[in-house]
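What follows is a single chain, given as structure tokens, in the form predicted alone.
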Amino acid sequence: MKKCLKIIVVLLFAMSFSVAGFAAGTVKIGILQGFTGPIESLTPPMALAAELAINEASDSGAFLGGTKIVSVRGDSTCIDASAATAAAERLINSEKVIAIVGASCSGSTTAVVNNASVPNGITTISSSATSSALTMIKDNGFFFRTAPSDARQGQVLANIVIDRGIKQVAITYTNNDYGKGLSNAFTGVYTKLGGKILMTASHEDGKADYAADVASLSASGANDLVVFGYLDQGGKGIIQASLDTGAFDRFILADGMIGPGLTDDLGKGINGSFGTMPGGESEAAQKWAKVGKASGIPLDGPFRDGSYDAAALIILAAQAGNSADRASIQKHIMDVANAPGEKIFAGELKKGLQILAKGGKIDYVGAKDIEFNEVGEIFGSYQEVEVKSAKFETIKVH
């Protein structure tokens, strides 16, 4: 009888470690990003930023009594919901990750939350899925995001366009949740402010030629083209065709179009184009800039700060519950993200872990002034950026 009980105890112990994602004193965090697809030039720095937080906490020796943390990458593609779900399921069921940073794009994030995160009870924090539809997703409290909703980005960008004296535009958007939602948000605010939309048309990613799309948009009579797309796919194709035909030479852009992958390829041809991407100039942003620069993280594009924050929140939540159990992590995300508690900025994860280990409270400010509302979203600030001398430069923070 004693022998049987001993065997049962050993088996339960082994199972508990398997569920939590342990392997010889190590836990895994999934990094699920669109490493291929329409934002493939944006995601490598995002992954590096998340892994910076993971390495910082792991190397500190302060996480769960010296437990190490490693990252495991998965490709959500951004264009194939089935592939995104399969990648998430591999991370969850084969790699036994304790939580996931991602996915990248709104459509793939929706698929992952509905088909993998919620059914498996695993926390998923996206740093770049911005569709306003995600605010209402039935996530049972397992989905968070460190990027503000496009409902806010559309409002900010519309105000910027009006303030610049641009009263008529044409809009093209990528034909998915991100593009549609952003187009609707922008249009609603822009028209209320007195702006006029001369034409709105969707575009498909992956086409070889966008000349016909551009010809239709140009026929509207608009001088300025709003492009809600992706810098490595249709959005870039629309701009290239516009430059080739002379249809447009100034473009109004949102975060999916902001990055060196656009300016490096199109150069001075898009000088004067402008747009928005998440970011600010607060104390948190300034501290993140120092941490990111010192660690070699490129800071010339969006979502890197939020990727660091997503990984950091997962780690701190595990510490707050003194467990790498998936349910415990979900339970403690809000506790570490919001006041009250001692403020913890980027680069201060060891300090936060030590406070939590002693039973203290923290308020994780991080790189993006993290403070979640009741559905796990942040309000967020936006940088107004403009292309000057073939590079994006920050003009103002909103």
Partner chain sequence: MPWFTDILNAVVLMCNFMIVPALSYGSQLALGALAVTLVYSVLRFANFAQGDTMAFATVVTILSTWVLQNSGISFGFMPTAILAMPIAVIACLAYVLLIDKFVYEYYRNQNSKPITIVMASVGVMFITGGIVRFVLGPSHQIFSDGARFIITTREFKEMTGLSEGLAIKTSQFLTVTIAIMLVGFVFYFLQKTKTGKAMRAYSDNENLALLSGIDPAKVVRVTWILVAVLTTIAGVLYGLDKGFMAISYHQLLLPTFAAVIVGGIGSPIGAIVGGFVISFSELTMTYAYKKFLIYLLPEALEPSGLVQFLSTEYKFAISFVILVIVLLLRPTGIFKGKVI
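Treat the numbers as computed from the prediction; the structure is a model and nothing was measured. Note that the rigid core is defined as the largest set of C-alphas that superpose within 1.5 Å between two forms. Residue numbers count along the first chain shown, from 1.
Heads up, the form predicted in complex with the partner chain isn't pictured, but that's what we're talking about next.
- Note on the interface: of 159 to 167, 283 to 291, 315 to 323, 199 to 207, the segment with non-hydrogen atoms within 4.5 angstroms of the partner chain in the predicted complex is 199 to 207.
- Checked against the partner chain in the predicted complex, the candidates 56, 363, 40, 369 yield a single residue with a heavy atom inside 4.5 Å, and that residue is 40.
- Only one of 271, 328, 245, 295 comes within 4.5 Å of the partner chain in the predicted complex through a heavy atom, and that residue is 245.
- In the predicted complex, the partner chain stays beyond 4.5 Å of every heavy atom belonging to residue 193.
- Using a 4.5 Å cutoff between non-hydrogen atoms, residue 251 does not count as a contact of the partner chain in the predicted complex.
- Contact annotation: residue 152 falls outside 4.5 Å of the partner chain in the predicted complex, judged by heavy atom distances.
- The shortest heavy atom separation between residue 173 and the partner chain in the predicted complex is within 4.5 Å.
- Taking a 4.5 Å heavy atom cutoff to the partner chain in the predicted complex, the contacting residues in 210 to 238 are 210, 211, 212, 213, 214, 215, 216, 218, 219, 220, 232, 233, 236.
- In the core-superposed comparison between this form and the one not shown, the C-alpha atom of residue 141 has shifted by less than 2 angstroms.
- If you fit the rigid core between this form and the one not shown, you'll see the Cα of residue 106 move by less than 2 angstroms.
- The Cα position of residue 220 differs by 2 Å or more between this form and the one not shown after fitting on the rigid core.
- In the predicted complex, the CA atoms of residue 289 and residue 270 sit closer together than in the displayed form, by at least 3 angstroms.
- An increase of at least 3 Å in the separation of the C-alpha atoms of residue 232 and residue 112 is found in the predicted complex, compared with the displayed form.
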